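Laid out below as structure tokens are two forms of one and the same protein chain, each shown alone and named structure 1 and structure 2.
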Structure 1
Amino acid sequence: MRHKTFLAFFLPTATAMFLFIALPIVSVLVQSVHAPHEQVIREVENCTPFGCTKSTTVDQDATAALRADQPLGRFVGLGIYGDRSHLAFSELAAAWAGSARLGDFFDRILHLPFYRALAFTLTYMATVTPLSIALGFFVALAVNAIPRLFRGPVIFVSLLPMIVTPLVGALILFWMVDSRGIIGAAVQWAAGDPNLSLKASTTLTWIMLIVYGIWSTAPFAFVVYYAGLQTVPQDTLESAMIDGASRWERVRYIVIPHLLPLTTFMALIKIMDNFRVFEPIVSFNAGAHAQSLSYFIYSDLGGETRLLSSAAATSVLTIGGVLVLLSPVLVRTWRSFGRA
């Protein structure tokens, strides 16, 4: 391709990427090292229908002057990153010094919001990614093996979790796992404990979210693998059959190696997606038991008091986390790309 043609082809994309991806990330970075100005508080008298009380309020004129002076706010450097809501360096040090056993130390760390969220995020990612890929693979193998006549309906049913919007799917399950819902009541009956509630126990909430995650994302793996299965060389399979390879051996030594590049691609996408887990926590109303980094950003941005610098710092940490997690897979892709 000539350079000019290449540029004409690539320039619009590059511009869009710069405007909509690079610039916002830079802006988030800048935001994360700044905090709002010191507030100038004044004692005032407030009168409401219930009488007058002494109270405090923000001095708007003084604040306006501060804002005009430094429109970006106070420069705090990495202060927000190190505070208790994020990496919590001093709390970590105190926990390390104050705990006799390693178990105590982890116990204390899990009281810190960022590490609690990270613990859930990593657990979710580490379980949902392999299990949803594996489930998708087995469903694809099964569908590929059934007679053509039934494949259409079975594929449709297998894809249902992906067709249903995540929020709607989660809401349906939310009612089913309620202590008066069908799954919730069944669990109570099975455990023989009428007070057991899926929504009230942290462990059960985590399991529920992970099962939901696997259920809702397996169809993606299924679709990709099903497409991949159509490209498995039939002559290799047939010669293996003549050599007396069992069904399992054919899958193990021909199908899985053939589909390996697809698996790498899928792992890449799934790790990224699962690290940003958010919707199930909102729709299952599970904020009390499970928080993820994305949920954290969401709660900082919403509500009466917006903590924009805190949300920005968590965003930067999330981007960093995705990069770290993806690097092995990226390196692998890079190498195999170089070999090809």
Structure 2
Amino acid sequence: MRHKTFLAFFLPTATAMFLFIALPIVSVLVQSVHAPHEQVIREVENCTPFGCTKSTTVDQDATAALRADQPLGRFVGLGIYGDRSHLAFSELAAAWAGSARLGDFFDRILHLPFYRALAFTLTYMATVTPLSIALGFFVALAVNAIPRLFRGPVIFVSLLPMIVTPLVGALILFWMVDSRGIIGAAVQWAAGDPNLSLKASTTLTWIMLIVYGIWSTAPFAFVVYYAGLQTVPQDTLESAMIDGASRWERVRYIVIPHLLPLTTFMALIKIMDNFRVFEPIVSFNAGAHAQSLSYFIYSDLGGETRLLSSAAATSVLTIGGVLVLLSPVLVRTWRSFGRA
């Protein structure tokens, strides 16, 4: 391919990647090493016939001028990454020195806001990702095995969680787990505790969010796997049946290896998606018991005091976490591509 032709294809893509991916990341990184300017304090001396007194006051004009002159704020370097709201190095060292057991150490660091959000994010991602993929796979196998006459209605019902708007779906489940809802009342009856509330318990809130995550994201895996099942070579399956292979053996030795590239693709997508979990927490109003890294950023950006630097630092740490989690899958894919 001629260089001019190659540039004609590559340059628009490279420009779009620079504008919409690289530039925002660089801007967030720059913002994360700057902190807001402190207010300019003036000392004013008031003199009366009875003497002079000194008082301090905020110079609003000077503060506004300083912030207008340097909108990014003052440069603080990487210090914000180590403060108590983020990696909290000093608090970690104190917790490690003051803990007799490893469990006590984890109990202490889970009181730190960043690590509490990180714990929920990792738990949600590590649970929802494999279970939603597995559920979608088994639903696709089941739908693919039923007569064609019933596939249309079954596929429609299976896709309902993905068709329904996430906010509406979350609100429906939110009312179902209420103490007056069918799930909340059933849990109270099963536990024998009429005062038990799913929304008042941190553990039950986490379980509720994880169940909702699996329910709402499994249809995507189902669609991908159902399409992939139509490409499985039928002659190989028929040969296995003639050789006496059971249904499970055909799935294990023919279907699963054939769908492995799709599984890798969905794992990449779902790891990134689940690591950014945000909507279920807002929809369930569960911020008091469960906070993800994305919700942590949202909290910093909300309210009257917008902590842009803190939100930027958390965003950079989130991006770093996604890259670390994706690196094993990317390395495996790269090696497979190299052997092909």
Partner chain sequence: MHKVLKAAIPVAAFLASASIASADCGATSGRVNIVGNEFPAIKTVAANAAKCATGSLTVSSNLTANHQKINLPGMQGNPAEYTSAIIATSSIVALMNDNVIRPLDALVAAHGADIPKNQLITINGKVMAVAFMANSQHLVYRKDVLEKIGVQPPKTYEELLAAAKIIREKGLMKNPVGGAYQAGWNLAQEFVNMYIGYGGEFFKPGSAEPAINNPQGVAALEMMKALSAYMNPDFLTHDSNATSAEWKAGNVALMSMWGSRTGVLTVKEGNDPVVAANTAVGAPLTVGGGKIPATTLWWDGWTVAKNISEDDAKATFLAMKNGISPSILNDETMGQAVWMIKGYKPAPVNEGVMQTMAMGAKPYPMLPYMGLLHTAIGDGLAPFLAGKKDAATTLADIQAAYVTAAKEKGFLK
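Structure 1 provides the reference sequence; residues are numbered from 1 along it. Here, rigid core means the biggest group of C-alpha atoms that superpose within 1.5 Å across both forms. Note that the structure is a prediction, hence the values are computed from the model and not measured.
Is the form predicted alone structure 1 or structure 2? Answer is structure 2, the other one does not fit.
Is the shift of residue 59 between the two structures large enough to count as movement, that is, does its C-alpha move by 2 Å or more after the core is superposed? Result for residue 59: yes, a 2 Å-plus shift.
Does the C-alpha of residue 27 move 2 Å or more between the two structures once the rigid core is lined up? The answer is no, as the C-alpha of residue 27 shifts between the two structures by less than 2 Å after core alignment.
Using the rigid core as the reference frame, would you say residue 40 shifts its C-alpha by 2 Å or more between the two structures? Passes the 2 Å threshold, so yes.
Check the Cα of residue 7 between the two structures on a core superposition and give its shift in Å. Taking the core as reference, the C-alpha of residue 7 is shifted 2.3 Å.
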